[in-house]
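Encoded as structure tokens, the following chain is the form predicted alone, with no partner shown.
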Amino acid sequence: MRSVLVTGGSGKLGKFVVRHLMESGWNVTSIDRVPHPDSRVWSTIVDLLDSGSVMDLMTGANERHSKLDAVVHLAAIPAPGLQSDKATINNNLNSTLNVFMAARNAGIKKVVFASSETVLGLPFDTPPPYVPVDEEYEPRPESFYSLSKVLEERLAKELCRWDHELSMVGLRFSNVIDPIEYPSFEDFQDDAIKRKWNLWGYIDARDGALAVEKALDYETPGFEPFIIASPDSVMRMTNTQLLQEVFPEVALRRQVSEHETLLGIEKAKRLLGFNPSNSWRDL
């Protein structure tokens, strides 16, 4: 049984990831600042800003595992504006640095971490260069939160340059939605502007967990970023209507179906085998 450490395992996405990986046969240890809500999950309270504790946790054998096979790093201040800019970039960048350095010292060759759709230029006050957006253009951080994610990606890229056996995957998650939140989608159906900030995208938390599993199975060395979104938009309005109203001058790189996500997931489908199947339209 392969062993994986999941940081932020008590969080919104983390709870789904921990459960999914356990069901998929992984030996999972969840770490967070608060206990995991499921008592069946082995969890440890750790402050990721405490580099010594993180190093000890990853490099030392314990009753759960003799050696970790992989790390999934989800813990972070999850969005801009929740704390001050200084607190956000200090927490996110330094906690990630501690996790990456500890994993490297522990000889762990597989790291999956939560990047963010915000690196694409959210909230798109400056329109995207084209749609569907993809991983081909340079990151465009518009907040200190987004900047922290860009710096985390760059850190991963450089670490992989140093170690050619290391595989690090940055998952640029769209807005994570717990299925219990789907009724709230009615609140913005009458106004295309309300959700233009991320091109009307989202990721069902169950499919977010699937993406993590697929990323763990991706064995190619090096750093690779992937946009992770659900296959459809959050709107009943068609993409034609949305783009004509909000982004009439943005180039459409290829034809898209009426409700197809404009956060391009073709790369994740092709390289990871990521095929999200959950939609708010199914309720």
Ligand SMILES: NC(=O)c1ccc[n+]([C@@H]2O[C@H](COP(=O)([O-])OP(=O)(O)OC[C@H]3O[C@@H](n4cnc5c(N)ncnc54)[C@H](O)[C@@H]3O)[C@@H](O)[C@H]2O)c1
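Heads up: residue numbers just count along the shown sequence, starting at 1. In this text, all values refer to a predicted model and were calculated from it rather than measured experimentally.
In what follows, reference is made to the form predicted together with the named molecule, a form of this protein that is not presented.
For the named molecule in the predicted complex, the listed stretch (123-131, 141-149, 207-215, 162-170) containing residues with heavy atoms inside 4.5 Å is 141-149.
Shown without its partner, this chain lists V46, M58, V41, V250 as candidates; in the predicted complex, only V46 has a non-hydrogen atom within 4.5 angstroms of the named molecule. At least one heavy atom of G14 is located within 4.5 Å of the named molecule in the predicted complex. Looking at T261, you'd find every heavy atom of it more than 4.5 angstroms from the named molecule in the predicted complex.
In the predicted complex, no heavy atom of K67 sits within 4.5 Å of the named molecule. Residue contact check for R236: none of its heavy atoms lie within 4.5 Å of the named molecule in the predicted complex. Heavy atoms closer than or equal to 4.5 Å to the named molecule in the predicted complex belong, across 71-90, to the residues L74, A75, A76, I77, P78, ordered by sequence position.
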